[in-house]
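Presented as structure tokens, the chain that follows is alone, the form predicted alone.
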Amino acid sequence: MRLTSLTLNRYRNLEPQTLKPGPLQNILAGSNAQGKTNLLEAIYVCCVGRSHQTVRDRELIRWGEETASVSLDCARRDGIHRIEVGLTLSGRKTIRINGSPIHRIGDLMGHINAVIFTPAELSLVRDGPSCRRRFLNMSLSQIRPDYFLWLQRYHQALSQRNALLRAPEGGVLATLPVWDAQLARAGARLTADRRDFCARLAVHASEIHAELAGGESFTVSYSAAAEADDTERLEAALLALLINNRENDVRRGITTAGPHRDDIVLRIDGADARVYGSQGQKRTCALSMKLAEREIMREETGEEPLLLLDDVFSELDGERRRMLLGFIGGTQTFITCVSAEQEGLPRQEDALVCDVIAGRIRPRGRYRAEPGERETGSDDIFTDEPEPSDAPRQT
């Protein structure tokens, strides 16, 4: 897939404008707080319906404005997919796909897939299990829309069960078996998909990490509360677990076991990466997992996902930069940096380099592989006026 057009209107600090990116490498250069990360965020919002930085949509609206919108066109094998997202200060979000409004966020999943890597992705290795579960949920929701629906059902059942566990009236606990059954059924689907995803992630991440880290071994495994060979047995195992833990759950007022407590175990040369890994090792592990995610998306969908790299190259030496570019060849990539020249960022053939200054994104030109050969940007790369569109109806 390839993003062909991105239109921004009152989105964060970005000026109203339309970007027509290059087919492969797009370099966004500029000082801090100019809007580079906001551009990547806008693309990601069109992929999954929410920001990777905040859960509050109102923060995505330019200061002093009441509404904002972002829309993009993406070319896939089955044609152009147009996504439009409208935001308001009241929190009412509207989404259109090819001009038609959707009423469930799950209907957005899978239209445009993207892998995003930011400095915060170090939390994949450094922080607690919730960060790694979020990684699984975001990845699987994009490539398997049914996973997102089961995830919604699981959290709805989990919320109901926890409310019953905290209820002062003992009589309501009699309805726990109903929610146990729903939780086990949805949880089994989540666990099966996560286990399959992690098995494939382990293969790709191990190979990528070995190249990035000079042969250092890296293993990935899924640690689940319930284990079984198939979904039916997983459901039975989860149900038995919930029943056995019921007394303890009532005492604590929460559901203490299930997919919402599972984790991914990461090891470097056999040692726990979270405990014993250096800062550099953790960064390489996180990058390996993200590149492995890209490989799985490509296998699942038959399409190259968009790759969004926020200030990644500044943390790598020259050799690792070249290796990373080798991994992502053929993928449309958006790379933010302070200065491509100062950071020694290698450029792919026909890369588009843009300067980002105070929310305005200006093309500097397309750079060829041959040293010294340069093409200046043409007027059709950007148009400063956003494309007119009607405000989509509320989702």
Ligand SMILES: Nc1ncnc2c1ncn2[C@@H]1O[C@H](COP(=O)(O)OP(=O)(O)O)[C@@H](O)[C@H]1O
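All values derive from a computational prediction rather than experimental measurement. Counting begins at 1, following the sequence as shown.
Beyond what is shown, the protein has a form predicted together with this ligand; the following relates to that form.
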Exercise. Evaluate Gly35 for contact with this ligand in the predicted bound form, applying a 4.5 angstroms cut-off between non-hydrogen atoms, and reply yes or no.
Key: yes
Quiz item: For Glu66, is any heavy atom within 4.5 Å of this ligand in the predicted bound form, or not?
Solution: no
Quiz item: Just to confirm, Arg62 within 4.5 Å of this ligand in the predicted bound form by heavy atoms?
Solution: yes
Quiz item: Do Ser31 and this ligand share at least one heavy atom pair within 4.5 Å in the predicted bound form?
Solution: yes
